[in-house]
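The chain that follows stands alone, in the form predicted alone, written as structure tokens.
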Amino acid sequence: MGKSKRIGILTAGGDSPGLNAAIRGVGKTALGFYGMDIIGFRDGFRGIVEDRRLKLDKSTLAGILTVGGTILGTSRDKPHRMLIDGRTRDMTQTIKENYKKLGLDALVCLGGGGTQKSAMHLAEAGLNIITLPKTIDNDVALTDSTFGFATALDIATEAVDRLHSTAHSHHRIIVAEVMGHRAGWLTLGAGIAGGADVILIPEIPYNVQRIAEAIKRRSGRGTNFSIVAVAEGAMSEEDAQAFKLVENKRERARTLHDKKEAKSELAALEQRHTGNTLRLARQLEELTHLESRVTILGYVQRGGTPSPADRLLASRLGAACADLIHEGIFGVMVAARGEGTEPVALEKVAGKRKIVPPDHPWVEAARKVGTCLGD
């Protein structure tokens, strides 16, 4: 018999429901089915840089399926841009040295879009890398779904459900801010499932006058309350145009001065966008003469026990990951595809984002049931 394989695993980026289920899926399959050894690195890529690790065995993996967060801890550190002793440094070589020192045959990285890019960087540096797609935003490219999304969708939908009664009782506009800076899957899904009257997502710039008109039409029919589900990254048509101009400027920049200038302008726009949901609520109050209140769901969407759907998804992606390691297939993300899985080359995933298409069935369904999308 040959030497058993030894794999490392880490969780990077924001926490998400289902991370522990995925760790368990990889771990139990690798241990029990293939006889591999497993090391967990603490706090993302920083853990492998600083060689802070945890042996993952049957006792470590026991009882974590239903636990939220991640037993390994996480961070947003990037291998090639990590703050060490007050300086930003490229720690790729250190990661390669520790990978070799520990005798690893593969490194499994659980994370969202940023993690896919970091993992691609390590794959290009010569390491055997496999990733699993995690994020409540559901915006990782080329996978049907990401674990964490289903749980967050349940939480956000329940919040919208609960807001209906107070909005109705007080004849108010309730504006519920849902997570999602660049993609509106969570807001769109929760808005439709929760019966929101207005849904605003980053992919569809809104016109506040049109939203106010839709709310006033409801008032004219005798319904003096409205629920507005708005993604963090939703923008007015004017702001979206301003962002687009600056993004185009940044893409065309050739000199270091032009790049810095474009970056500075983009940062200023993002700063201006902070608090946009509160401004929107005030605008709607002025235009409709209905009292408005804001509820920001925030991190509650990322916490707590993962839903059965996320436990199932994370478990099957994790098990498939161990299969691919056994087969010697690396440089891929384990994507959900229907009821199965599929390895997708990291170069096809890294740097890409899955956003809501304007003709997506969810968008069409929302319009057909009379939901205002702000355009």
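Computed from a prediction, not measured in an experiment: that's the story for all the values here. Residue numbers run from 1 along the displayed sequence.
The protein also exists as the form predicted in complex with ligand F6P; that form is not presented, and the subsequent description refers to it.
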Item to check | Stretch from 236 to 244, 298 to 306, 122 to 130, 278 to 286 whose residues place a heavy atom within 4.5 Å of ligand F6P in the predicted bound form | outcome: 298 to 306
Item to check | Contact residue in the predicted bound form, from Val198, Leu107, Ile136, Val160 (heavy atom within 4.5 Å of ligand F6P) | outcome: Ile136
Item to check | Contact assignment for ligand F6P in the predicted bound form, among His181, Lys216, Arg210, Lys259, heavy atom within 4.5 Å | outcome: His181
Checklist entry - Counting only non-hydrogen atoms and a 4.5 angstroms cut-off, does Glu232 reach ligand F6P in the predicted bound form? => result yes
Checklist entry - Taking heavy atoms only, is His170 within 4.5 angstroms of ligand F6P in the predicted bound form? => result no
Checklist entry - So in the predicted bound form, does Arg89 come within 4.5 Å of ligand F6P, heavy atom to heavy atom? => result no
Next on the checklist: Can you work out whether Lys263 and ligand F6P are in contact in the predicted bound form, taking contact to mean some heavy atom pair no more than 4.5 Å apart?
Outcome noted: no
